[in-house]
Every structure is written in C-alpha cells, then in structure tokens.
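Shown here is one chain on its own, the form predicted alone, set out as structure tokens.
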Amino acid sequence: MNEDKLIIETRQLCKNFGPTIALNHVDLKIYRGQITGLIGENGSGKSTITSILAGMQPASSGEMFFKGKPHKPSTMIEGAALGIGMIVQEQGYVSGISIAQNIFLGEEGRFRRHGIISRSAMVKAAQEALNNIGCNDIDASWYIEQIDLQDRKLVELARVMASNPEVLVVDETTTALSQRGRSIIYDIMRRMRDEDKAVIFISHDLDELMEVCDRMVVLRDGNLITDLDKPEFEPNLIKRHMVGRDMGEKYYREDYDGTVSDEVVLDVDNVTSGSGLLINFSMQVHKGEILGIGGLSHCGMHELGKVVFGEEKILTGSVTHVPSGQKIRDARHAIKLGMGYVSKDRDHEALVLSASIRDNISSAGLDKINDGPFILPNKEKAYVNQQVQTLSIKCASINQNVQYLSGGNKQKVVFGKWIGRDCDILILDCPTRGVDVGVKAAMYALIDDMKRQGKTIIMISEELAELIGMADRLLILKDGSLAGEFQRSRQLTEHEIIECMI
C-alpha cells in the first residue's frame, strides 16, 4: 500500500484490564481510500483498539499517530474534533431530549443568538444532517423516543457525519439496522472511501465484510494475526485465522428429516398485541421442535416472542401452555411453567450490566439455590460455575461485572440464566446477534442438543441462513400476520422466503 495514504498507525499498542490482556503490542495501519474491516472472535480486541483511537479510553502503552502526528485523544469529543468519528455498538444517544439536541449534543453553543440558544436554527441544521445521509423521513424536532431503535442508530450516524470526519469507525452498528439502514450506512462508507477518507468497519457478518471491505485485519486474543487484501478474501481462510483452527464443515444442523412430536406445548390463539404489531395471530408449537420465525422490520416477529413469554400485553386472544392447560398471564408465570426468553435487546432487557456474572445467571434460578428465604452461597456458586463451564464463558471470575465482557460472552451469560433452569421451552430472539462465528457455532450446537433432549425452541431471527439452517419449520410474518410457512428442506432457498416476505 502507498505509505503516502497512511492516516492512522499504532505501534506496539497494549491495553490491559487488570490481569486481562485486551491488546498485545498491536501494529495497525489504516489507509485513506479504503474500507478496512476489523474481524475476530468476541474479546479479540476489535472494539478496544477503535475505542482507544477515538478517545473513549487510554492505551496502557504504545504509540498512536494520526496524519503523521502523535495521537492521544483524552475524550471522544477531542477525537471527533481531530477528525475521528465513531458509531458505537451500544446505545449512543441520550433519552428525554430531541433528535436535534442529540445530533448537536455538546455543540449547542453554535446556535447561541444574543445569549439564547436558537432551537429553530438547531433543528434546521439537524434536519440538514439527517437529509445528507438519506433520512429525510425523520423529523429533527421529534423527541428521540418517537422513533424506533433502528432509526435512533441512524441519528447517531447523522451526528457523527455532521462533524465531517476523516476517519469513520463503525462498530457492530449494522446488526441493529434494517436493510434500509444498512444501505444508508454502506453508501456513506463508500462515499468516504471515494473522497479519499478512511473507514474502519467492525462486524461479525463475514458475508457483509467480504462485500463491503477493501481489506481485512484479523485480531485474535489481542494480537494482530494477519492482514488480507480483497483478492485474498476466502471464508474458510478468514475463519481459520479468527479462531486459530479449522471450523470444519458442520455449522448448522446436518439432519433434514424435520420430524417432530405431534404433542403441542404452546397454543397461540388469535392474538392481537398491545403494540398493534400482531393482529389476530395464531400458531401452535410442538414438543422438541425448533420453530423459526422470520420477516422484515416491523413485521411483528419480535413482539411475538414477548407476547408468548408474557412480556407484552395482549388485547385479544390467548397464549396457552398446553401441558398445564394454563393461559400465560405474565413473564413470572411463564418462568414457573418452565419457559425462558432471550431478548434481542441484550444489554437493556436481558442483563443487568452493573451486576456480576454470578448475580445475572442466578437471578433466573433463585428457587433452585435457596432454602426458604435464604440463598445458599455454596449452592449458588456451584450453580453459576456449572453454566460458566458448560458455555465456556471467558471471565476473570464469576464475580466480574457483565459490562466488562465481550458481546459473545454477554450472550452466553444470558443463555446461562435459562439453561441453568433447564427450561422446557426457550424463546430466542436474535440469539446470535453480534457474536462471532466460533460462538455462533457453539450456540447452534447447544440449540441442536436441546432439541435432541426434547426441549422446544422458538428461534426469532433476521438472518435467513440461520433460520434455514436450524429450524424444523419456518413461519414468515408480514404486517403482523402469517405470510407463509416452510418445512425443513435441503432445497429451501433464501429467494423463496424473501418473495414471501415482500
């Protein structure tokens, strides 16, 4: 690569979190006119190195250079002022204020007129920022809560692009976006490349990376493993570099008979949800079945998971746990009936980030580790350790706060909550969102094993390959109603399903 195009360089960059080595003497180069993909398993150091570049946290040792000059931003505001914009994986907006205020957070002084901030001027500028990225349908004067989570991520993108960065860091953002949102962000990344700027793109979607990126850098356990140019992109080679071994052929289920028991364990009868996203919806779920649920954004599939678990109010209809004959009243009732639920929104609905691994896993199994009103510490420790070992959760100890885990290990903690309870029915909403291929393979094997034990899985997913690869039966939702049903088959293609979706 032409060294004249070099815009960012790290030399021997290290980052330690206590005894954990997150980055180990990493030498990284980022060039203008390129979209560089950072790829690796959860905990490999991808988000760590970009957060240091952007000013979110300091390095433990080593050097950084930006446009040939020493680079050591102490905050993200300083990093942005220098020309490095970052869209973070987790929530990057402030609740309770307008979209315009979110876009210009910390920059309100730009709109001060005679000592008073002109809200109309701020809204006008914010609307221009939204229009510039192709979000004309979002009104900058609205409160941030008036738009859904996917559009909030686009607001974050508008905020970053309003500062006209020379380097854009996109950290796992596309997993939270609809196809429209992904197209918007891909267009911006390509536009920056064509303007001789630089993009650093972190994603666990290998197909996405291979399509969008010009170059890929693979990290593993805090070490830079290899640097690949576009002609060298080959899926199995990349996976081998990521995990340090051959992944093998087995990834999804290998059986295709799709036979399940005739015994019905859940009966959803003419349900209309409180959100209005499910309308007179009915389905039955069988014992030992992996039932896939798919569809486009706002089709109602995520609300279906909440309705079945009793997390969302229903206006009409019922959800019946057939073995007991009881109608699901709420989530607590569902848990008592042997059900579990892994939410799509892991950090806000499935975990308490400020609590330990121990507290998170044991929270769903208190009735299994108590003696009357008292929790038995030794029993709790054994219970949690069993899940940590079973799921290979990488952690310093079970007392480590969940917020310091990688995305994949956070997801394993969520699984551990329900596997520890030995749930008979498990609802999984986007169970492999934001996790690497190694963790995905482990989760698929776990789901397959649960099926073989006679457990029932409802798998809601935005990844068609995952649904085709794992489900015995696949239901496609559209506008809150059933649009199509597919049985497990080697011949089933994404094209057939997409036609049903649209």
Partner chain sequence: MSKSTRILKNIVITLAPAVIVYLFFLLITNLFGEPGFGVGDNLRVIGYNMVYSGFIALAVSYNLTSGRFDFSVGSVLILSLIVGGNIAKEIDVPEPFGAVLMVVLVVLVGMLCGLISGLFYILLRLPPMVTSLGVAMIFEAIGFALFDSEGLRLYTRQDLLIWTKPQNSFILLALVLIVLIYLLNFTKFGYNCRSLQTGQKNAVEVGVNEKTNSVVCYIIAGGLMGFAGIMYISQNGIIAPQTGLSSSSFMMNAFLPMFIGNALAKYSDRNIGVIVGAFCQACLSSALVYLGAGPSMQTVMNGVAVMLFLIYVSNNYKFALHRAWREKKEKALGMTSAAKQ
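These numbers were taken from a predicted model, which means no experiment stands behind them. Positions refer to the first chain, counted from 1.
The next section is about a form of this same protein that is not shown, the form predicted together with the partner chain.
Of the heavy atoms in Asp221, none are within 4.5 Å of the partner chain in the predicted bound form.
Although the partner is absent here, Pro231 lies well away from the partner chain in the predicted bound form, with no heavy atom inside 4.5 Å. Taking the partner from elsewhere, Met56 is found to have a heavy atom lying within 4.5 Å of the partner chain in the predicted bound form.
Proximity of Ile97 to the partner chain in the predicted bound form: non-hydrogen atoms within 4.5 Å are present. The partner is absent here; in the predicted bound form, the one residue of Ile77, Val264, Leu237, Met210 having a heavy atom within 4.5 Å of the partner chain is Ile77.
With the partner omitted here, the residue from Arg112, Arg191, Lys368, Lys327 that has a non-hydrogen atom within 4.5 angstroms of the partner chain in the predicted bound form is Arg112. Looking at the partner chain in the predicted bound form, residues Ile116, Met122 and Arg159 each place a heavy atom within 4.5 Å of it.
Comment: 100-108 is the region of 193-201, 210-218, 283-291, 100-108 lying near the partner chain in the predicted bound form, near meaning a non-hydrogen atom within 4.5 Å. Taking the partner chain as positioned in the predicted bound form, the residues of 303-327 that bring a heavy atom within 4.5 Å of it are, in sequence order, Lys313, Ile314, Leu315, Thr316.
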